[in-house]
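Single chain ahead, written as structure tokens, the form predicted on its own.
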Amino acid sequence: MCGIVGYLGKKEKKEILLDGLQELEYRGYDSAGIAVIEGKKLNSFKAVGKLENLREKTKTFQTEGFGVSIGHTRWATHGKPTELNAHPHLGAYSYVVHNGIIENYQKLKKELQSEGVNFLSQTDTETIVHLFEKYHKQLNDPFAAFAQTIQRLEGAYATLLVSESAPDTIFFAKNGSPMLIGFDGDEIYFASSDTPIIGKAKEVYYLEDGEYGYAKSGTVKLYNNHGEKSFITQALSLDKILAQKEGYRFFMEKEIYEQSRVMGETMMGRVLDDRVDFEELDAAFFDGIHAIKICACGTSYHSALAASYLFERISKIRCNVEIASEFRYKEPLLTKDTLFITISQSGETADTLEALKMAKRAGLKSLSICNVDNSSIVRESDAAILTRAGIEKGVASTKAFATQTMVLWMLALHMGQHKQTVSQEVLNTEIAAMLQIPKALIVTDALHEKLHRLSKRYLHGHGFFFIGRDIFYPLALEGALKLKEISYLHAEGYPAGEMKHGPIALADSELFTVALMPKTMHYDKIKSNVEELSARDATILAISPEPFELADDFVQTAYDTHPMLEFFEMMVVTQLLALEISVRLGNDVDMPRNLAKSVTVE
């Protein structure tokens, strides 16, 4: 999830780019860069870290007169945050910036390397500029070369390209990743969202998937698979915060809706037709590993608990999960045949980082699942897998939890492949389910409206129990955590079969029970547990593909062919329920009291 800006015109370009990137820094701050062509002179600058480093590097650089320019702020997906991996990427005479993931970049890279092209970076993006120059050499037509390049790309991308072969032109293309074009007379702007061009452009056009073209001499030519097309601009919003939220009331709400898209990015290049592949892990990574220990806090701990079921079920390997703050002080027994996995959204969680250091001192091989490259936990680990969730501004985690769980599910399959504990038939079934997950995460208007209406019935009472079995028990824990974080109501996650061992004493009409009742896993068992609560007059909200006659409220889910499809669909329901209850209570959804996004203290 990176940020792109572009500008074609006579104004001072450096400041337009840097100001635009500042507005997009929430989309990534591993590194940043700009490229400017004035006349036939191409200048470029890159810097690692936050944008202030790039500002310092360009403080003596000024532009004047007509020119084209592009900029980028990076959230790393392929390759570490270094200047070589930072955008824009250079060919012999062209520069490119790109947001998204080119799924077939390894194939394209090998093809280009076999033809003598030298790659400087580890990124997928660099293939775009080299492909362009290859086709430009063949066709001697910059736009034809760009169109041919775009036809070769598979995956998600928003990209801008400038070249000395067409020094007055910006080439653009969009598929799966956001990009828009802003207009103010002859001045033309490009950006990943509205905020960089508010106050600069007056009109805007939001590119659709499959559209590409070029900007030149104050005009834009737009194309799709059917050829050149016309387009209609619209007035640009003047509220930057509203624009950043893209029309949603809260960042948390936006991030719940984003889960379908980011899940696709999490899987890109990793979930293949017949296997799961992580280029981050070499072939010998699991050699000598006979057990897994996962350490995490909060929401990440819940994704770890869900994964423990998957590792033992799919990979056939013992898996234990520890709360990092407890692990640090229990004098744990650690053996070198154990893979130590840490999970953290920020990569800076203090307790998790200290647990990782303990494991390393004991000689364990370490792997981190994280959303932020170059974070402390990533740097400390032997290997790391990025979740690719993008910046999460809501304090209550949503898409980070979803992508962590997906990465761990993929890792269980990947490990099963390596240890040959998973058959190709099972692998095919799991992959087929994985590829449907983005659809299961789509929030429909009907679902959101139903939960909005239901929320008014759950504002009082003496508490909530979220109950589930198997992998739905960790989901119940996470559902309860989301509710308590932003509504300040007491909520508890519990294994459904354990309710009768004490908690059922609390059951009455003022106890709200949110029952996760998947059709694919232990349905009859959990149905019996919910009936026990209903008999004690507890108020039941059932979430299930199967209607439940004793439920006071019922949310019907659509997927019932695989437990993980049900898991992710029910996850969205619990997130939206927490959101709508919190909104009705008048709370600050994005910044709940007493909490911080990254817990960097013990």
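Just so it is clear, the model here is predicted, and its values are computed rather than measured. When you see a residue number, it is the position in the sequence shown, counting from 1.
The same protein also has a form predicted in complex with fructose -6-phosphate, omitted here; what follows describes it.
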Check: in the predicted complex, which of the stretches 497-505, 419-427, 355-363, 294-302 has residues with heavy atoms within 4.5 Å of fructose -6-phosphate?
Finding: 294-302
Note to self: Going by heavy atom distances of 4.5 angstroms or less, which of T266, S397, N99, T73 would be at the interface with fructose -6-phosphate in the predicted complex?
What the structure shows: S397
Notebook entry, point to check: Of Q345, T149, S487, S94, which residue is found within 4.5 angstroms of fructose -6-phosphate in the predicted complex when only non-hydrogen atoms are counted?
Noted result: Q345
Check: Does fructose -6-phosphate come within 4.5 Å of any heavy atom of I385 in the predicted complex?
Finding: no
Checklist line | T513, heavy atom within 4.5 angstroms of fructose -6-phosphate in the predicted complex | finding: no
Checklist line | Contact flag, Q259 vs fructose -6-phosphate in the predicted complex, heavy atom cut 4.5 Å | finding: no
Margin query: With a cut-off of 4.5 Å between heavy atoms, is H87 one of the residues that contacts fructose -6-phosphate in the predicted complex?
Written below: no
Note to self: Do any residues of 450-482 have a non-hydrogen atom within 4.5 angstroms of fructose -6-phosphate in the predicted complex? If so, which ones, in sequence order?
What the structure shows: L481, K482
